[in-house]
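In structure tokens, one chain follows: the form predicted on its own.
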Amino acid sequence: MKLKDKVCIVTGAASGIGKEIALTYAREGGKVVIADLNKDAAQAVADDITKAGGTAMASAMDVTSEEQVNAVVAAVVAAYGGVDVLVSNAGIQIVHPIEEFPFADWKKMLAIHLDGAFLTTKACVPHMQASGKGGSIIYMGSVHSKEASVLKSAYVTAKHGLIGLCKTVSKEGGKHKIRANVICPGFVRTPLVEKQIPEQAAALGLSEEDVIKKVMLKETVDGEFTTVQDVAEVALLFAGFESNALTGQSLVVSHGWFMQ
């Protein structure tokens, strides 16, 4: 078990990529915190883990609220004694041409992706330092941390920003054995992506099938979606890698859509 008794907080873990990471961590012995805006859905995931013999707790968390983030992290430390792994995964998608992008939506996107990553990091780092063991911080970026697509000015900006945050946390955390890395998935067929397909079809004047084939998967080597399991395996690698040899990095998991 690669994460035996490690305390792992995963935000946005009630569905999609976050849920799969939480389940994977639990199978590998982690004590997993399912932190999500949807407390009922988070509890359902925690219950599934517990029924399977794992250890999990559900917490309602709005990652843009410093008060909520701090309260959840404090509760986790009280229950489990510390924090070893943070996966900052919570995110949403809003698409518009830039000239039509409502400023409120722009601010909402940056708040969830960037403020959320900052606040959860800020709350967890002191506990990783105090333990003397360090820890692993994992940001859920995207191919859009490296590339741009039309209609996604806020998302691309936010995902690029996560790489800058990651590099800074790596520099500051190195002496405390705190590692930070970014996972950059291609299109994963989660509810977030399912919602984008008709939205992009309408905005681009294409059929939904053409959005998938000619937009989303056009640059992949095999026309395939990345899976939640693919991403969870990379999250497990980053969480279980104990050395500063792997820090400040961004790993693209995209069926070859973006090649570094």
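As the structure is a prediction and not an experimental result, all values here were calculated from the model. Residue numbers run from 1 along the displayed sequence.
Absent from the display: the form predicted in complex with a small molecule. The rest refers to it.
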The small molecule contact in the model of the complex: H113, any heavy atom under 4.5 Å: yes
4.5 angstroms heavy atom contact with the small molecule in the model of the complex for V76: no
Touches the small molecule in the model of the complex: A203 (any heavy atom, 4.5 Å): no
4.5 Å heavy atom contact, S15 and the small molecule in the model of the complex: yes
N70, T220, T55, N38 - the one with a heavy atom within 4.5 Å of the small molecule in the model of the complex: N38
One residue of A90, V156, I138, A123 in contact with the small molecule, assessed in the model of the complex (non-hydrogen atom, 4.5 angstroms): A90
Whether V63, G186 and T190 all lie within 4.5 angstroms of the small molecule in the model of the complex by heavy atom: yes
Answer range among 76-84, 124-132, 167-175, 91-99 for contact with the small molecule, defined in the model of the complex as heavy atoms within 4.5 Å: 91-99
